[in-house]
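Take a look at this single chain, the form predicted on its own, given in C-alpha cells.
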C-alpha cells in the first residue's frame, strides 16, 4: 500500500470531552466523509477482521416475527444491512446514515450484490428517523452510537419505530474490564492504531478521534441503565473478544 494518497491532512480534533454537541456532529461528518474510500478496508485491518464476526453475532440474535423488516441506523457502507439480508432471505432491510458519501458507497455494494430489491440505503438522521411508529421488528446501530451526542434521543427513536417485543440492538467498541486486556487495548488504541491509520488514510486524526471516543464511551453497566431509562426491557450486554466490543440488546 503506498503512502501517496495525496498528502496527509494535518487535522487535530479536540478531545471528546471538550467538544460541543454541534461541533462533534460536524467533526463526525468530516471524519467519515474523509475516510469513505478506505473505510471497509480499515475496519477489517484494524480489528483483525473481528468486525465481521461481531456483525455475524449481532445478526444471529435478531428475531423477525411480525413485519419482517430491519432498520440499520448509522448504516455506514451498509455491512450490517447486507449481512442481515444475506442471512434472512425473507427480510426487507432499510439503512440510514447522515454522511451521504457513506450512503453512496453502501448503495454501490447493494447493487454489486444484486440486493436492490430487498435492501435500500438512504440519507437519514438517527435522532429524527423518518419512519412511522411500529414499522420494524428489529433496529440496530453498529459502531455508531458513540458518535451521536444525544444517545437518549437516538435510542428513543429506535424504540419508537419497532413493534411491541421488537429488538433494539447496539454493537459498539468498548473497553475491557480493568486489568491486562484493558492495558493492552489502551496501548493499541492510543499508541498503535493512529500510527497504522496514518499509513492508509489522508486523515489519521480520524483514528485518534476513534480511540478517544471509545475510551470515553459509558461502561456496560451505565449503557444498560441508559437503555432501561427509555423503557426498554430485558436489556443485556454481551461482551465480545475480551470485551473490546459489546452487543447490547433490549426489547420494546
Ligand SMILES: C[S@@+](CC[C@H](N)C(=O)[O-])C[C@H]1O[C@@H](n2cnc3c(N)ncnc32)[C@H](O)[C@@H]1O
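Since we're looking at a predicted model, the values are computed, not measured. Residue numbers count along the first chain shown, from 1.
What comes next is about the form predicted in complex with the ligand, which is not displayed.
- Every residue in the set 43, 55 and 99 has a non-hydrogen atom no more than 4.5 Å from the ligand in the predicted bound form.
- When you look in the predicted bound form, the only residue of 74, 110, 169, 161 with a non-hydrogen atom within 4.5 Å of the ligand is 74.
- Comment: the ligand is not present in this chain, but in the predicted bound form one of 120, 104, 134, 125 has a heavy atom within 4.5 Å of it, namely 125.
- Per the 4.5 Å heavy atom criterion, the ligand in the predicted bound form is contacted by stretch 146 to 154, the sole one of 110 to 118, 146 to 154, 84 to 92, 174 to 182.
- Among heavy atoms of residue 28, some come within 4.5 Å of the ligand in the predicted bound form.
- Using a 4.5 Å cutoff between non-hydrogen atoms, residue 223 does not count as a contact of the ligand in the predicted bound form.
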